[in-house]
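The chain below stands alone and is given as structure tokens, in the form predicted alone.
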């Protein structure tokens, strides 16, 4: 995302940011195409049209530095999306349900615009989350908590005002974000699975995976209305389970 602070930077600083942006975009392109392990710094440098030494001047940790800069970009974007979607929770015409619906739609739009970033996040972050590197695993736990913390105030307000059930706000925030993430991840994985894979996507899933409004309607109804039908089928009365 463009940084509005660029207008306050000197010409040299703007040029440095421009170069850094080009390098990062080149790395993201290579990571998305080949995966992190198969990508080489030489190929990234060639695609960015800079020397490897120049890349190290901007990203001291080389390929790994570019990878984590990519993660930071995604998480920054998601944090801003959550905060802006749920702002105004104290206003009279605010609807927590409508805000969640909008979050689903905006999340799908972001995926479609930045599919390369989601590919990298899904492929590489999962492995690092469960790696033996405690520091890297902690990084992703901190980012997940950051997203939860961004949504929690809106959940707390909705609970306090009786708009949603009085459940633990952090747990609710976590669950809401996870269902959105999981549906988008499902779409990403099905679109990029091996063409020779015998598995297929259930046809009934298609509208949910490719129509943001349908996905938002589905998740909103599921989470806010629930699965249970208050009207028993065929007029049969319900009896408590022994």
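On a predicted model such as this, the values are computed, not experimentally measured, just so you know. Think of the rigid core as the biggest set of C-alphas that the two forms share within 1.5 Å after superposition. Numbering follows the first chain given and starts at 1.
There is another form of this protein, the form predicted in complex with the DNA, and it is not shown here; the text below is about that form.
Checking 209-217, 172-180, 53-61, 66-74 against the DNA in the predicted bound form, the stretch whose residues place heavy atoms within 4.5 Å of it is 53-61. Within 4.5 Å of any heavy atom of the DNA in the predicted bound form lies no heavy atom of residue 25. Proximity of residue 35 to the DNA in the predicted bound form falls outside the 4.5 Å heavy atom cutoff. Residue contact check for residue 188: none of its heavy atoms lie within 4.5 Å of the DNA in the predicted bound form. Though the partner is left out of this view, residue 184 does not reach within 4.5 Å of the DNA in the predicted bound form, counting heavy atoms only. With respect to the DNA in the predicted bound form, the three residues 143, 148 and 163 uniformly fall beyond 4.5 angstroms at the level of their nearest heavy atom. Heavy atoms closer than or equal to 4.5 Å to the DNA in the predicted bound form belong, across 158-186, to no residue whatsoever.
Residue 16: CA moves 2 Å or more between the shown form and the other one after rigid-core fitting.
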